[in-house]
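Shown next as structure tokens: one chain only, the form predicted on its own.
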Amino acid sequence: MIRVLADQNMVGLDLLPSEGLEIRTLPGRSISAADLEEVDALWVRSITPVTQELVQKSQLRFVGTATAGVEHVDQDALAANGIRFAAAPGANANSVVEYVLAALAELQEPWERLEAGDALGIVGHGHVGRLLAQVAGDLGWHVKVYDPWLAAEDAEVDWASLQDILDCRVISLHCSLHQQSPWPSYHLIDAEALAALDNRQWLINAARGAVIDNRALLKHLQSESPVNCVLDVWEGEPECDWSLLAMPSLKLASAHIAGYSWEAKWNATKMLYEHLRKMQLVETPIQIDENTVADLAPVQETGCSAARELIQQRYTIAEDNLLFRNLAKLPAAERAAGFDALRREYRKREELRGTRLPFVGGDASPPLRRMARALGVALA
């Protein structure tokens, strides 16, 4: 019997085969060394620091994080204690991309500017950044990508500089968080970078909070011509600089839920279970019928409005914005707990990709077909 301790916010644990597997859950922030007694595998999310102190006296054989980012895991400590490790890269990529598209569609103006030919600048070309660049390209948008780590290895790609990105109409951050030289991402968007931006631009952060210097951001948003912002992540989570919410240029705000679609969470759970299978700690394959295709309601075929309708049928980002802003109305001592509660009790949000759009009235136009293909929607 393999005994797993998992973050209670993971989904689909009840869908995993029960043969040879025993799972119990705890709040991610509360997991301690004492909880690891007689535990073989630990499954965490980004809120659980996995340190030498946590694992050194355990009998853990495997630690998995249901996230793409791994900055909360001391991999050297795991290796020193003979503990195998795996993350879930790409599990939430489409969820984050749909969050970005939902933000652009909700705000409308940046989407229309991209449709008109202005550039989308993407920082980071991992699973999320790569998928966003692909979708944006399929939509016909002009895309620039900055990733100096990959640029150093692949000179054949036309990589953008950071200054190129700062000149873009819309800037979307999707890099990992680290302080490694020569290109640290910690406070990549600092006071100097922010000074290069103005109110004609849009800055989206769905990576990690500290990629933007939040103190410098607050000062910038108090300036005469601040950039328009969409923030899903915050420095010091769950303690945030709540004064940012009072800034008119902060257009949308949410509680680190960009990657929180049901499909993304289930993908991560499946990936960690499959690592147990590779280690031969469990044998039974997952047997779940995932071929059900949801139908969308027909949309009016008018470019941007059609895309907005499609996205908002599956995900209304304004709801997350309202829920997050309501936290600022709580007493200061209760806001951090409220932040965690929003994530823990997050509604079932289903992705647009993989759905089906009934089309009536002859052949769909090339723009509608292009948009459906880009968003992963089948025309039926």
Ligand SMILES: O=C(O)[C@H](O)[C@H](O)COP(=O)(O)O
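Note that residue numbering follows the sequence shown and begins at 1. Not measured: the values here are computed from a predicted model.
A second form of this protein, the form predicted together with the named molecule, is not displayed here; the remarks below concern that form.
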(message) So, residue 92 and the named molecule: in the predicted complex, are they within 4.5 Å at any heavy atom pair?
(response) yes
(message) Taking the named molecule as it sits in the predicted complex, is residue 343 in contact with it (heavy atom to heavy atom, 4.5 Å or less)?
(response) yes
(request) Give a yes/no on whether residue 68 approaches the named molecule to within 4.5 Å in the predicted complex, heavy atoms considered. (result) yes
(message) Residue-level contact is defined here as any heavy atom of the residue lying within 4.5 Å of the named molecule in the predicted complex; does residue 146 satisfy this criterion?
(response) no
(request) Tell me, out of 273, 260, 234, 111, which residue has a non-hydrogen atom within 4.5 angstroms of the named molecule in the predicted complex. (result) 260
(request) Please pick, from 36, 47, 336, 328, the one residue with any non-hydrogen atom lying within 4.5 angstroms of the named molecule in the predicted complex. (result) 47
(message) Can you tell me which of 307 to 315, 38 to 46, 348 to 356, 328 to 336 lies within 4.5 Å of the named molecule in the predicted complex, counting heavy atoms only?
(response) 38 to 46
